[in-house]
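Before any questions on how it binds or moves, here is one chain, the form predicted on its own, in structure tokens.
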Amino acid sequence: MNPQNIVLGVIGADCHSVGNKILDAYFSEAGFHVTNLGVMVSQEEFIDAAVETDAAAILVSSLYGHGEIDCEGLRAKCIERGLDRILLYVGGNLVVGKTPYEEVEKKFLDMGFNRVFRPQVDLAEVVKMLKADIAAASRP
């Protein structure tokens, strides 16, 4: 597995593209090889790209509030495709309404995501976490 390869995109019917472009630029500048799938990406497209690029992580964003629906089952599909150890990160405005972050985080961790991020996050911290998580995942 090449630890520098990551896949990112905006899942489901979400067409918010500005944050996606910022993430692409930021992670590229931080030394990752980014495969940016853009917006309105299906689970299968994320997985296909991860397999094709031998990615260490899939970074999913969602801003339109339907992330919970769009992300359900992603971990199981990754496992079916042989991506048992791939890191799954998710962030943005993941649910509709004013749900406390702790509840949102628990939902997504229970779905098999490794990390869950609020809409406002320090990307430098995310890069540190991702590098550490990739290093830990690559150990036997």
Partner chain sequence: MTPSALASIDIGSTYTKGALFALEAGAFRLLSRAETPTTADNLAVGFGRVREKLGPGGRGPEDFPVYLSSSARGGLKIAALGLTADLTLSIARMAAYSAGGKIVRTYSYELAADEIAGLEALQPDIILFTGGTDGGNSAVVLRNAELLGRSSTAAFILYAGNAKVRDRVLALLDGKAAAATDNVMPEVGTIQIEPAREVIRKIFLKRIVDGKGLSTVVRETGRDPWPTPLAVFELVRRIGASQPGWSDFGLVDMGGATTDFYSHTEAFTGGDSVLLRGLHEPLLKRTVEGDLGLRVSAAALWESERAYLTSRLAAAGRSIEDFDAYIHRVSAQPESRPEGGAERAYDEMMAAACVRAAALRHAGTLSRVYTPQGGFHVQRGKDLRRITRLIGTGGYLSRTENAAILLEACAPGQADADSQPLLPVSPAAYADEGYLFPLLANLAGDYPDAAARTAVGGLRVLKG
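Residue numbers count along the first chain shown, from 1. As the structure is a computational prediction, the values presented were derived from the model and not from experiment.
The same protein has a further form, the form predicted in complex with its partner chain, not shown here; the description that follows concerns it.
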{"property": "Three-residue site 35, 45 and 53 fully in contact with its partner chain in the predicted complex at 4.5 Å by heavy atom", "result": "yes"}
{"property": "In the predicted complex, the one of 13, 132, 124, 22 near its partner chain [non-hydrogen atom within 4.5 angstroms]", "result": "13"}
{"property": "Contact residue in the predicted complex, chosen from 74, 41, 86, 59 - any heavy atom within 4.5 Å of its partner chain", "result": "41"}
{"property": "Its partner chain contact in the predicted complex: residue 49, any heavy atom under 4.5 Å", "result": "yes"}
{"property": "Residue 106 within 4.5 Å of its partner chain in the predicted complex, heavy atoms", "result": "no"}
